[in-house]
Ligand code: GAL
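Take a look at this one chain, the form predicted alone, written out in structure tokens.
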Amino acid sequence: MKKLILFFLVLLFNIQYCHAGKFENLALTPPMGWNSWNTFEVNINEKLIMETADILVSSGMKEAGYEYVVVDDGWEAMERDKMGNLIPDPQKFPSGMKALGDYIHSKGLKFGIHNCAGTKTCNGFPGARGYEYQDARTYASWGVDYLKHDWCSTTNISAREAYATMSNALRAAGRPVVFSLCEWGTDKPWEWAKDIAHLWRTTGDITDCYDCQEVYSLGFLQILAMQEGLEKYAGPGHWNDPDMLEVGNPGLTVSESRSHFSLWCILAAPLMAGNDLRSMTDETLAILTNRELIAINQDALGKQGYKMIEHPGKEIWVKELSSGDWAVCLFNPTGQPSKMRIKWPQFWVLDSKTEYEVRDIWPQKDLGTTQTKNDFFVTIEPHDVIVYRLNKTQKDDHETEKK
């Protein structure tokens, strides 16, 4: 009898694991929005979140594509209620999370929230372990559209099992939710999470530093280097997540913020702003709302870009786009200006018989075509980028040969 019971328990676990309940047809392009953590950590409240939602609309960020307002760690009370339900901190969120979600939805935006796969969140608030189905029903009742699920307090817990359980719970609750795994890349979620989640973190936390490595966080350069080789795992509905944006935060210069944003667009990364929108500069807003770069990030083909060439003082990253177009990012990771010679016929990713119109994204200039201007020199400033979009012309040599 014991063997029979054990057999059915194993069978039940395998059914649950193999049929994780991720909602389909969500996040077909990388999610865009704002998250409270990078600037505010646990120092959050409903007034801040509501003001941020207002600014997402009034600044033009919503129109540019930013739609999720994600409340990260620190919204919870220190204990669940008597029924085991998660409840918000009554001092920080006196109106409750349902009211906050309703406010965000009234702005035409979507409501995101944070919790953890372990017994506690990273800051000691109640985690989801053992409460997954109950929490999923709670989120559905609040109108949650996006769940970021962290990985603290998870000793002796299987990442695949824990996240599959939460995925199934969200599905059972019935409200479509974008599921974001924040497992820090420890167990290589890109290899197994496609059917469980819509995006997964590939690294530890990012910080607003160009080149540094701290105990619990990494700089922009370190995060960027860790994305190489992961491009084959990304696509519509399943994205590698190199963490949220630090654009506009004090540790990065304008050039570094521009590079950060450009390369995250090339990587088809989720674009989750993490700055204080109430005090952002015009330069920061211009970076975050660069429509041509956002179009590269949101391209329907869903290809993640990759590093094509690396030489001292220069890197070339490329991203294949719909309709045969390409995005090309020239990046100077060093502290000195770097000169580069561009010879389009030598870009082996391009069809050598096709003519492309060359668009310089940041100054928003047209530079001719790959045939009329196929050999020129550029100077890339320290820690900066030049980004081109190569648009396939209507008539290429293939068509000419046919005629």
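Small disclaimer: the values here were computed from a predicted structure and weren't measured. Note that residue numbering follows the sequence shown and begins at 1.
Only in words, not in the display: the form predicted together with beta-D-galactopyranose, which the text now covers.
Novice: Counting non-hydrogen atoms within 4.5 angstroms of beta-D-galactopyranose in the model of the complex, say which of Cys182, Leu267, Cys329, Ala117 makes the cut.
Specialist: Selected residue: Cys182.
Novice: Can you pick out, from Lys319, Arg201, His260, His198, the residue that has a heavy atom within 4.5 Å of beta-D-galactopyranose in the model of the complex?
Specialist: Of the candidates Lys319, Arg201, His260, His198, Arg201 is the one lying within 4.5 Å of beta-D-galactopyranose in the model of the complex.
Novice: Establish, in the model of the complex, whether Asn123, Asp150 and Met244 all lie within 4.5 Å of beta-D-galactopyranose, using non-hydrogen atoms for the distance.
Specialist: Yes.
Novice: Any chance Trp344 has a heavy atom within 4.5 Å of beta-D-galactopyranose in the model of the complex?
Specialist: No - in the model of the complex, heavy atoms of Trp344 and beta-D-galactopyranose never come within 4.5 Å of each other.
Novice: Considering only heavy atoms, tell me if Asp135 and beta-D-galactopyranose come within 4.5 Å of each other in the model of the complex.
Specialist: Asp135: no, not in contact with beta-D-galactopyranose in the model of the complex.
Novice: I'd like to know whether Trp37 contacts beta-D-galactopyranose in the model of the complex, with contact meaning heavy atoms within 4.5 angstroms.
Specialist: Judged by the heavy-atom cut-off of 4.5 Å, Trp37 is in contact with beta-D-galactopyranose in the model of the complex.
Novice: Taking beta-D-galactopyranose as it sits in the model of the complex, is Glu76 near enough to touch it, meaning that at least one heavy atom pair lies within 4.5 angstroms?
Specialist: Residue-level check for Glu76: no, no contact with beta-D-galactopyranose.
Novice: Where does beta-D-galactopyranose sit in the model of the complex: which of 43-51, 65-73, 347-355, 361-369, heavy atoms within 4.5 Å?
Specialist: So the stretch in question is 65-73.
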